[in-house]
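One chain comes next, on its own, written as structure tokens: the form predicted on its own.
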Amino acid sequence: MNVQPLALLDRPVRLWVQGLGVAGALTLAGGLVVAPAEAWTSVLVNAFFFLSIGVGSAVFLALMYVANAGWSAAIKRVPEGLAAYVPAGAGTMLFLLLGAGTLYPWAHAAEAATLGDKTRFLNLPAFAARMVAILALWTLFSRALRARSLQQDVDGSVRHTERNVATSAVFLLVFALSFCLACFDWLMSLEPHWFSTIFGLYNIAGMLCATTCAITVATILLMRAGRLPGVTESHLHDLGKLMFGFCTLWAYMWISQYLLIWYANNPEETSYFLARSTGGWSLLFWLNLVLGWALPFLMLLPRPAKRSATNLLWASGFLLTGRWLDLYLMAAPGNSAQSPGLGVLEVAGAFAIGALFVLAVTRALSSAPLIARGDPYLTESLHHHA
């Protein structure tokens, strides 16, 4: 069994990724001068999208640890590699502090005067302090889980697993609170007069779905490259079940938020959905529900579909696109209320930050064996549903 660390991107592919990243960054830099509102929105959407996959992968690991999910041991280096992006992703979010005055209305005195007591929470010093603290916590926990896993390959001690279980239990509690707070700060405060008590849980559901899709895509690509010996259709089946469950959870949260606000008909709440379900935004609004749930739900419903690598790749592509579109619909209408601005700057942001994500993840995956040979559950995982 070949478990040695191997380079995952050959030189031509790596150069292409780097080139697209540089081109995207330069285009985005020009956009910050020419169309700052659209450019900063693109930075926010793409930075949060890729960071949430990184920290979501650490959450996935934590869930597997506390559940003693032995089946995941053979693929756990995949979420560990994705979680290694968290420090770089934190840097992209901190960059947003430079554009806070453009993105967030509460950063201006005229708008802040209409917010009353909310200004005690929505002000730049408090916003920046919360962002730094949240990103530091996510980085600390994600690095701790990976460091102990790698050390276990060296000494084989089960104590590392026991410590990661305890760390995971604490991390899940910290994450649930901090991620909700981050969503309130970074996304909901783009329209500071609107509020939703389910907004944090809604985004947790979307993050879990997108993260499982990213792990599934990476796992299948590594399997096809022969880098994950012992990983079978049974492992894909479990990932498919998680995708199916999480996308349905997201749809439940979507309909709960939408119907409650629609039924209450409170102008302060309905304004959010009116801006997104009318005019040029209406097509994207309903497309989001189709890509984020309806189509993947049908694709993943049969049991054989969850064991098909090709089907899982297609379903993951739809769900990841739906999650990106969901974030875009949260962020963009507040800054360009007339019609969607999907165009060069949105693509540039995806290229720039996406390239950073790919390079960071492949570097992490290449730096350690892709089979966690010291994990006490590895034998069980390699014989999963044998």
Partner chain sequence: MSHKVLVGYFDSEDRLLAATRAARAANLPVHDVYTPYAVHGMEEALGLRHSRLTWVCFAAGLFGLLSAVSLQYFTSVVSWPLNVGGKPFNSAPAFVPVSFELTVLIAGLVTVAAFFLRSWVLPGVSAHALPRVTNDRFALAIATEVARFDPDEASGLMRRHGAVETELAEVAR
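Numbering follows the first chain given and starts at 1. It should be emphasised that the depicted structure is a prediction, and the values quoted were computed from it without experimental measurement.
Missing here is the form predicted together with the partner chain; even so, the following discussion is about that form.
The candidate spot formed by I255, Y263 and L301 is fully in contact with the partner chain in the predicted bound form: every one of the three has a heavy atom within 4.5 Å.
From the list 179-187, 301-309, 67-75, 129-137, the contact stretch for the partner chain in the predicted bound form under a 4.5 Å heavy atom rule is 301-309. Between the partner chain and the residues L283, L259, V154, A110, the one pair within 4.5 Å by heavy atoms in the predicted bound form involves L259.
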